[in-house]
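Shown next as structure tokens: one chain only, the form predicted alone.
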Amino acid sequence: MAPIHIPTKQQALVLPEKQGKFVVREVDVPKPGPGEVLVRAEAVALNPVDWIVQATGMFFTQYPAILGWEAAGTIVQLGEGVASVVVGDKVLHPGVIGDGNKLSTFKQYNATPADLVAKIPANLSVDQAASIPLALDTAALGLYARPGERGGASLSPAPWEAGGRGKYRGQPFVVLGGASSVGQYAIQLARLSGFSPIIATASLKNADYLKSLGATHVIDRYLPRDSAVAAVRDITKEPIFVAYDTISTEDTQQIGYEVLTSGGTLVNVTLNRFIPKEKMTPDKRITDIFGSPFIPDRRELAVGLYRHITSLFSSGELKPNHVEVLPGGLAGIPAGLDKLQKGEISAVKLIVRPTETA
């Protein structure tokens, strides 16, 4: 292979100040440290958390800041001690904001730990691969991470681990917001873990698609709260120990909490809590998951997942989100985030290609 030229500067989408407007700006290309790789980003994905961070100023105390939580592309440089991949490999990987913007992904070159990359299987495009990390991490950690601050439901073993396939056979599972990016993976992981029935709330236009992923029943997301709870109870009389709220509105939380049996866990994707304390009981737990594999107490679980991502997707056991590629490279991200904020996106992940940045 001919040597790969690595520039010293790159284009990035930058938030110059708290609650400011995004701008494309030249920044340094990061250098991979020991155990890290440098990836030339060919596709990055947008997520609702990006517009929330921009609008509220949460997470950041220092600016300029760069956002972005997932990407896919080509490895162009190896850090010291990396032997699991080689230069030229096509990979997907998660990102994380902060840390001097080194690991965030709204830029053309991203450094990331080598144990949190997965080779892109031949049956996926780079665009599809970029849609995987954050949503899959959030679904997986929400279900299988141990309890704790921003921890999970502690299901064990995970379906990519020995003895994990079918472990929860015959137990019902509920996901609120099944057509969301996280919801689609929660359905698929629940299927691999053996849960049945798998009950999802979603727009009924997405019902057939969600059933193709493993949902056995789809309830209209627009049903009133009491009607949705009744619909779940009509489907199964078995105790429900896990419900996953991927939307986190007052209605979805109330539905998820109410359908749980004693000893059950509601996994919530945000810090928002809408259930009054007087209506909470000590026998039901709510956990607010933060889907980052960089948190130390869930790193081992995440590394195990990334070892299996290639085979899980190449075999078709997991399927990626549908994607929509936006024009303009990194400069196209703000318009895409505006669509996410307005709720105009359904059952699709928005992608941009940083190489197309003018």
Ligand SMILES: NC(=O)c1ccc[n+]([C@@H]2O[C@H](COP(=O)([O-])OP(=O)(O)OC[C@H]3O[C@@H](n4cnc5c(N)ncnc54)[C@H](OP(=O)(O)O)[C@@H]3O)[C@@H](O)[C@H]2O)c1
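Just so it is clear, the structure is predicted and the values come from calculations on it, not from any experiment. Residue positions are given as counts along the sequence shown, with the first one as 1.
There is another form of this protein, the form predicted together with this ligand, and it is not shown here; the text below is about that form.
Open item on the list: Please identify the residue among Lys119, Lys167, Lys284, Arg221 with any heavy atom within 4.5 Å of this ligand in the model of the complex.
Closed with: The option sitting close enough to the partner is Arg221.
Open item on the list: Going by heavy atom distances of 4.5 angstroms or less, which of Arg191, Lys102, His217, Arg150 would be at the interface with this ligand in the model of the complex?
Closed with: Filtering the options by heavy-atom distance leaves Arg150.
Task: Candidate stretches 94 to 102, 235 to 243, 156 to 164, 178 to 186 - the one whose heavy atoms come within 4.5 Å of this ligand in the model of the complex - done: Residues of 178 to 186 come within 4.5 Å of the partner.
Open item on the list: Whether Gly291 contacts this ligand in the model of the complex should be assessed with a 4.5 Å heavy atom distance threshold; does it?
Closed with: Output for Gly291 is yes: heavy atoms within 4.5 Å of this ligand.
Open item on the list: Please determine whether Asn206 contacts this ligand in the model of the complex, using a 4.5 Å cut-off between heavy atoms.
Closed with: Answer yes; at least one heavy atom of Asn206 falls within 4.5 Å of this ligand in the model of the complex.
Task: 4.5 Å heavy atom contact, Pro48 to this ligand in the model of the complex - done: Residue-level check for Pro48: yes, a contact with this ligand.
TODO: Report yes if any heavy atom of Thr112 sits within 4.5 Å of a heavy atom of this ligand in the model of the complex; otherwise report no.
DONE: Flag for Thr112 set to no.
- [ ] Would you confirm whether the three residues Gln108, Val323 and Thr357 all fall within 4.5 Å of this ligand in the model of the complex, going by non-hydrogen atoms?
- [x] Per the other structure, none of Gln108, Val323 and Thr357 touch this ligand.
Open item on the list: Where, within 333 to 348, is there a heavy atom within 4.5 Å of this ligand in the model of the complex? Residue list please.
Closed with: Heavy-atom contacts to this ligand in the model of the complex: Leu340, Ile345, Ser346, Ala347.
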